[in-house]
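We begin with a single chain expressed as structure tokens, specifically the form predicted on its own.
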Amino acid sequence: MKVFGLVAVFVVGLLLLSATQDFPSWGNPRSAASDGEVSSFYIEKTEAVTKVPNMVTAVLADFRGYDTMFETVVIFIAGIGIIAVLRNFEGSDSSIDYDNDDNGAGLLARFTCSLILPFIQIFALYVVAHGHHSPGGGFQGGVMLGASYILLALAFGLSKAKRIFSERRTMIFAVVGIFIYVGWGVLCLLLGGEFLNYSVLDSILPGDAMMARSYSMLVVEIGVAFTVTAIMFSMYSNLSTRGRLSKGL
């Protein structure tokens, strides 16, 4: 069986490597991804109509806003699914002894974690806030923030991390993130526009309709970051403890 698996991996690897010969050259403006009618519009018009230099974020949070909203919902549902399958409700947060539950890693790991955690979280916030102007956004920043709490749990013990990010608070953050995204779209409806058509928000945001689209991308990216951060930590908490939320890795 091991030999068969090794052969299968080798054959599939060769097929994948051979397919790379069909890839267009790096930066080729005539490649299929760049030469299509839709792609050309994004490349040529994105910054002019949204005031956002990061084309990827503009596509995700503006032109393809519906899809990204439901991607965020899917992440939320995945977290709820893990809780539904694994969560052991025989105990509750109040029954956990936060002083003696688990001790985490050694002194060196704790000291290193104390030094780098603030920088990880600050950079994560930077990635969220500047995602529409540089590489980053709500998904990337949310993953970094979630990873920072996981690192805290690994170094100091899950009980320490749950003092800051309890199960109840985690779920509130996840739901608030969805409500921020959906609520911003509803606000567009209330002001007479289409759902997630940010241009209509120029009446309440500084600048013109194009700047309203830019500001709105930041708002929805914050909502995405809330949900991704919360669900990442919730998944780790349940998977690492088999749903008991005590005595983590």
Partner chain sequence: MIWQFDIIILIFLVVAAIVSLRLKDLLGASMVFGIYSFLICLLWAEMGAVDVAFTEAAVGAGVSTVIMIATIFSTTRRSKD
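Just so it is clear, the structure is predicted and the values come from calculations on it, not from any experiment. Definition used throughout: the rigid core is the maximal C-alpha set that superposes within 1.5 Å between two forms. Positions refer to the first chain, counted from 1.
Beyond the structure shown, there is the form predicted in complex with the partner chain, which is absent from this document and is the topic of what follows.
Hey, in the predicted bound form, is Leu125 touching the partner chain, heavy atoms inside 4.5 Å? It does not: once the partner chain is placed as it appears in the predicted bound form, Leu125 has no heavy atom within 4.5 Å of it.
I'd like to check something about Val11: if you look in the predicted bound form, is any of its heavy atoms closer than or equal to 4.5 Å to a heavy atom of the partner chain? Answer no; every heavy atom of Val11 is more than 4.5 Å from the partner chain in the predicted bound form.
Would Ala129 count as a contact of the partner chain in the predicted bound form, using a 4.5 angstroms cut-off between non-hydrogen atoms? It does not: once the partner chain is placed as it appears in the predicted bound form, Ala129 has no heavy atom within 4.5 Å of it.
At the 4.5 Å heavy atom threshold, is Phe226 in contact with the partner chain in the predicted bound form? Because no heavy atom of Phe226 falls inside 4.5 Å of the partner chain in the predicted bound form, the answer is no.
Met210, Leu218, Val56, Leu201 - the one with a heavy atom within 4.5 Å of the partner chain in the predicted bound form: By the 4.5 Å criterion, the partner-contacting residue is Val56.
Would you give me the residues of 221-238 that have any heavy atom within 4.5 Å of the partner chain in the predicted bound form, in order from first to last? If the 4.5 Å heavy-atom criterion is applied to the partner chain in the predicted bound form, 221-238 yields Met232, Met235, Tyr236.
At a 2 Å cut-off on C-alpha positions, does Gly27 qualify as shifted between this form and the one not shown after fitting the rigid core? Gly27: C-alpha displaced by 2 Å or more between this form and the one not shown.
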